[in-house]
Structures are given as C-alpha cells and as structure tokens.
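Take a look at this one chain, the form predicted alone, written out in structure tokens.
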C-alpha cells in the first residue's frame, strides 16, 4: 500500500481555504461593528468606513464559496444510523476510548452535525445581512424588521464563530487532520484508526 491515502483534491482544499479565509475576514470585520470595544479591529480593513463597506461583500463571497463547498461534500455528510451511534459514544471519543467507538465513514457523526449546522447558519447570515445592508436594501424595510434582523444576525454570527472554533480545535486535536487539508493526504494508520469504514471502502480490507 502507498505511504499516503488521498483524502482531498486540490480543488476541494482550495475551496475549503477560500471559505476559511473569507470566514475569518467576515468575523473580524463583523466583530469590529458589533461593539465599540472591538472597533480597533476595523483598522485591519482601513478604518470604520471601509470596514462597514467591505463586511457585507465579504459575507456574500463567503456564502458563495460555502455553497460550492456544500455541493461538493453534502453526499458524504448524510447522517446515517452509525453516525447517531457515534454521537451516543462521543464521551468515549473525548476520553480516547476508541475501542468503544463505531466504525465511521469519511466523516464521523460530529463532523456531519457541524457541517449541517453551518449549512443552516450561513443562509440565515446571508438573508439577515441583506436586510440590514446599507445603503442598498435596508431602506426598503421597516425599523422593527431591521432591529430583528440585526439581533438574529448577531446571535447567528456568534453561533457560527463557536462552531468554527470547535471545528478548528477538533482538527488540531486529532493529529494528522491538518495535513489532510494542506497536502490532501493522510496516513493509512490515520485512516484506519479514525475512519475505519472509509478505510475499508478505499482498500477493501
């Protein structure tokens, strides 16, 4: 067997990093507008005026590249009975009791839940962001709608940030995962240990 197993193509990795970078930019520019205590972050984008101008465009770009990512990966993220079983054993995963964990495909139950969480959050951010986008769309809505949209946008944005923090932490926690999204490959031992069903699918073993 080859020393490495192919996990992600160059196109998939590029799409992932486009989402990651645009998310970081959207988060930083949005946090700068969230509260005066974070306004200093606006200087990363040229000051308050440019931050306010660029944030919605970054958000639209994020939504577009995420749609491409979701279309690439949704089939592999369909939640199946073994994923529900994995979720019931999540405590064993966190305590490294791997022998109690069910076999997983290319993605485990936690990764799939995170995927569908982001699939739900991104459209909400996009739609509420469009409603409050000045000067283009906001004037078309009554003040009460704008206030509700701002509140929803802020709450969902923080949920999104928390979800991505979990994603990054998990990637760093599971040694070898970062290589998959930087070089596109993982070791056979990594695949067999963390995603045994996917390993069987690839190797027939």
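This is a predicted model, so every value here is computed, not measured. Residue numbers count along the first chain shown, from 1.
What comes next is about the form predicted together with protoporphyrin IX containing FE, which does not appear here.
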Q: Could you tell me which stretch in 158-166, 66-74, 140-148, 173-181 has residues with non-hydrogen atoms within 4.5 Å of protoporphyrin IX containing FE in the model of the complex?
A: 158-166
Q) Is it the case that 33, 56 and 60 all touch protoporphyrin IX containing FE in the model of the complex, with a non-hydrogen atom of each within 4.5 angstroms? A) yes
Q. Should residue 23 be classed as touching protoporphyrin IX containing FE in the model of the complex when contacts are defined as heavy atoms within 4.5 Å?
A. yes
(Q) I'd like to know if residue 133 sits close to protoporphyrin IX containing FE in the model of the complex, meaning any non-hydrogen atom pair within 4.5 angstroms. (A) yes
(Q) If we define contact as a non-hydrogen atom of the residue within 4.5 angstroms of the partner, is residue 44 a contact of protoporphyrin IX containing FE in the model of the complex? (A) no
Q.
residue 129 versus protoporphyrin IX containing FE, in the model of the complex: is there a non-hydrogen atom within 4.5 Å?
A. yes
